[in-house]
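To begin, one chain is listed below as structure tokens, in the form predicted on its own.
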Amino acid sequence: MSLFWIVIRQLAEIEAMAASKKVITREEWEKKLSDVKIKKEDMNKLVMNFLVTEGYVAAAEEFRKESGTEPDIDLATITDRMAVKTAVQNGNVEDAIEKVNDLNPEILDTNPQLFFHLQQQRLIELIRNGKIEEALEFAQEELAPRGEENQGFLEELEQTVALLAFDDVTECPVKDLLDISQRLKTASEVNAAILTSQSHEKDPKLPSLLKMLIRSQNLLDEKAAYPRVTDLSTAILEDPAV
């Protein structure tokens, strides 16, 4: 039985429980858990999916050798994808755009929002480096025409250009655009687009399953007291408070 259906079954059991809270002992709970059978191959596929999606190419290669689990894409493409992501994270947006086009020119041709955000990031990097005249020229020639066609782009452009209006950028209400988090946001968007172009999920499955586990426990808390996992990193069951 796959993890997805295990979670679904748990949700169904929650709905079927009586309105009053039921106390489930550790022994009872552990027996329920032991009755659930999970194939090792399914667990291995989850791990490989996470490594591939997040770009851990060396770990994915090693895991393939140790477990015999084959990735669903060529691992060589991970290196190329991570090169793009790293370029954006380092502020080398022009290099990132070139690398994306080398991978697949249709990615940017068919995704105007992604291309705008990359160009916006280029503008942010020019401002960060104090190239004010170049930033103004770039905004006018490359971004303003796109803003005229899209109200959302125009609003984002206006927010970015607002950085130029403050001598002390820490006083600017949109100063967060200069944070590294903005680079990471853009890099994640590019990473997701490349994965989609390769017919691969843009998000790993494992975090989604963990979220479903948390939601299942939150729902079950309303119906029963039972040994629950409070620390996902250890998955240790804590006895119910009764």
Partner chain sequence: MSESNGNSNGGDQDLGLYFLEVCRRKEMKVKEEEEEEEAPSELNTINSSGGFVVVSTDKLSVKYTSVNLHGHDVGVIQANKAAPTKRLIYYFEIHVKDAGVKGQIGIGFTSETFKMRRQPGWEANSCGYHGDDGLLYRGHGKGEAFGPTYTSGDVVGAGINYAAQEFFFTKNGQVVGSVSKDIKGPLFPTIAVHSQNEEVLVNFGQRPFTFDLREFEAQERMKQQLKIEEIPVPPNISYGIVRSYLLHYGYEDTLNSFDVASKSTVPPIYIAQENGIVEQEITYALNHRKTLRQLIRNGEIDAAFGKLREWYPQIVEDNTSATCFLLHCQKFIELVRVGALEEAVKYGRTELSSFFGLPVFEDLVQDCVALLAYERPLESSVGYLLKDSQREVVADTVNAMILSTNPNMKESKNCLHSYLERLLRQLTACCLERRSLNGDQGEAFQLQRVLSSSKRG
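Because the structure is predicted, anything quoted here is derived from the model rather than measured. Numbering follows the first chain given and starts at 1.
What comes next is about the form predicted in complex with the partner chain, which does not appear here.
Original post:
Is residue 68 a contact residue for the partner chain in the predicted bound form, using a 4.5 Å heavy atom cut-off?
Top reply: The answer is yes: residue 68 has a heavy atom within 4.5 Å of the partner chain.
**OP:** Report whether the minimum heavy atom distance between residue 208 and the partner chain in the predicted bound form is within 4.5 Å.
**Re:** Because a heavy atom of residue 208 falls inside 4.5 Å of the partner chain in the predicted bound form, the answer is yes.
Original post:
Would residue 92 count as a contact of the partner chain in the predicted bound form, using a 4.5 angstroms cut-off between non-hydrogen atoms?
Top reply: No.
Original post:
With a 4.5 Å heavy atom cut-off, would you call residue 137 a contact of the partner chain in the predicted bound form?
Top reply: No, residue 137 sits far enough from the partner chain in the predicted bound form that none of its heavy atoms falls within 4.5 Å.
Original post:
Going by the partner chain in the predicted bound form, which residues of 53 to 68 come within 4.5 Å of it through any heavy atom?
Top reply: The stretch touches the partner through 54, 56, 58, 59, 62, 63, 65, 66, 67, 68.
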